[in-house]
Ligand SMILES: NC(=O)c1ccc[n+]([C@@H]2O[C@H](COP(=O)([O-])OP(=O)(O)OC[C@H]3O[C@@H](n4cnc5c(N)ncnc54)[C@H](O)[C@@H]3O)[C@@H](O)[C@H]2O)c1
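Single chain ahead, by itself, as structure tokens, in the form predicted alone.
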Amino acid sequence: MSGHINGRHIALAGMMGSGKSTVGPLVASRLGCRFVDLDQAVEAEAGHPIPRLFADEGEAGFRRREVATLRRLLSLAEPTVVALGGGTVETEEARELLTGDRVWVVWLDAPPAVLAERVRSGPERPLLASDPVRRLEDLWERRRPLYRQVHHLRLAADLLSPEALAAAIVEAYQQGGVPPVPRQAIVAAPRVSSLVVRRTQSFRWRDWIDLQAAPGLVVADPAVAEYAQGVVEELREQGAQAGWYPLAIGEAEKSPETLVQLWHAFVEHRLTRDSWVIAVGGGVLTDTVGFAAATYLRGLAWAAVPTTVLAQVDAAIGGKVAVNLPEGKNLVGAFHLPALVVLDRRPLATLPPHEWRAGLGEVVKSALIDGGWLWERLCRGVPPLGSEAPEWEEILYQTAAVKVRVVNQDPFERHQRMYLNFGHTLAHALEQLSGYGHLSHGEAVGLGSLAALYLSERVLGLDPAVRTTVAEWLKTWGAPTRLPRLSLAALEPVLMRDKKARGFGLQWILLQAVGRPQVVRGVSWTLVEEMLQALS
């Protein structure tokens, strides 16, 4: 091989559909060396096609064969161009081989939307046997950090032709490439969990929290002071050193300044690394107290007792804690799971109708993204607002269950958890542009859901009857169903500052059908403007 880097092999890494098997032979031809497709080599050595290996030995068995074949290829004296399998990097032994001194790794990177156009599911691709588009997105999110660990050169496989990719690889290789960087990894995967329990007569705090480990603190909204004082008394009766700190807070106070206030309160109550904090109040309070707990002494255990509809079905569950900045909602935050979330129907009994409406947008969202029991129950007839309707207890509990299921699949919002943002792309912008507190979160999410359904009809062919049904629910509850008049010029910069915007721009969560959400990028601003006009 002429112009080689100390006789090193070239390994092409990347997702299925990124072009490794097309680019590899071009590179090998230009360098005058051999090309090997790793998948084909595994099949040749096993005497069976990959689908048969998956069926007989499972993915784990296939990966063992894959590593053995890769080790053999990289031990060859003559430099070779090897096209890796898309998932080769998922095996630790393979990553160790790929970070060795005799291999130079090129990552051909392309987003799932491009890959989906190139790849069609079939028997030759067993990992795409069901819902290939969603599966590709899952694999892409999972594998990208692993490609980053092993690569020396990264190229945009969606922007360059195979010939241009090959030329870039050869040029870099002949100029010396990128020397391997000594690397070590720290893998920290703490075993944390969050329990969501419905309070019954047998509930006791000491069954769920180590009350005697250190002093604790109950932070509560003064609006529920009587209820929160009952929580403090229960804790003290069960042996806890329970302090009490009232915190009056709304969206305007969900700020870094309030965090500083809470940190000082933690100091005054002598909290230690073994202490616990219990937040009693609505979602704004649990968000803020949870973030304070996440950052004080590098993380305190905390629990949430949500006292509003919004907090019980969404805000207090899942561990996303944050505060607002003037530029946008929840822009500064963390993932810090509460050890315990207690769902108690008693605080809901005194809530006025507008407080119920503040949470019902999340009920609608959950029914749309999950389908199943919740959607079917609401389609049979929505109950009137207020806890006097006994069916609400099960509806709210099942709404919380939707979020629990999604968070369990994706705790850190790499894929499935994004579905919980359905309706929120526009909702957060509506809240900010109207001024926090003028339009409740639930009302904004209801309107945002109607907007997302409209876009779903235009982009994914969703049945318009879904939007009609949801609009009827919102009307029954007295929630708004028409957007305020907004100009695209005012809306666009707010949307692009939202925490759901990524490096590739704004993304929407849309529906192919009820229960089938999808992350969609590239929705045109022309279509967004059309939606604003249609729903205003």
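The structure displayed is predicted, hence computed values, not measured ones. The first residue of the sequence shown is number 1, and the count goes up from there.
Another form exists, predicted in complex with the ligand; not displayed. Remarks below refer to it.
_Please tell me whether any heavy atom belonging to Thr200 falls inside 4.5 Å of a heavy atom of the ligand, as the geometry stands in the predicted complex._
No, Thr200 sits far enough from the ligand in the predicted complex that none of its heavy atoms falls within 4.5 Å.
_Can you tell me if Glu443 lies within 4.5 angstroms of the ligand in the predicted complex, counting non-hydrogen atoms only?_
Because no heavy atom of Glu443 falls inside 4.5 Å of the ligand in the predicted complex, the answer is no.
*Using heavy atoms and a 4.5 Å limit, would one call Ala223 a contact residue for the ligand in the predicted complex?*
Contact with the ligand, yes.
*Any of the heavy atoms of Glu251 lying within 4.5 Å of the ligand in the predicted complex?*
So Glu251 counts as contacting the ligand.
_Heavy atom within 4.5 Å of the ligand in the predicted complex - residue from Ser449, Thr308, Thr88, Thr399_ = Among Ser449, Thr308, Thr88, Thr399, a heavy atom within 4.5 Å of the ligand in the predicted complex occurs only for Thr308.
*If you check Arg134, Arg357, Lys320, His152 against the ligand in the predicted complex, which one has a heavy atom within 4.5 Å?*
Contact with the ligand in the predicted complex is made by Lys320 alone.
*asked:* Among the candidate stretches 135 to 143, 261 to 269, 208 to 216, 325 to 333, which one is within 4.5 Å of the ligand in the predicted complex when only heavy atoms are counted?
replied: Contact-bearing stretch, as computed: 325 to 333.
*Residues of stretch 349 to 375 in contact with the ligand in the predicted complex (4.5 Å, non-hydrogen atom)*: Counting only heavy atoms within 4.5 Å of the ligand in the predicted complex, the contacting residues of 349 to 375 are Thr350, Leu351, Pro352, Glu355.
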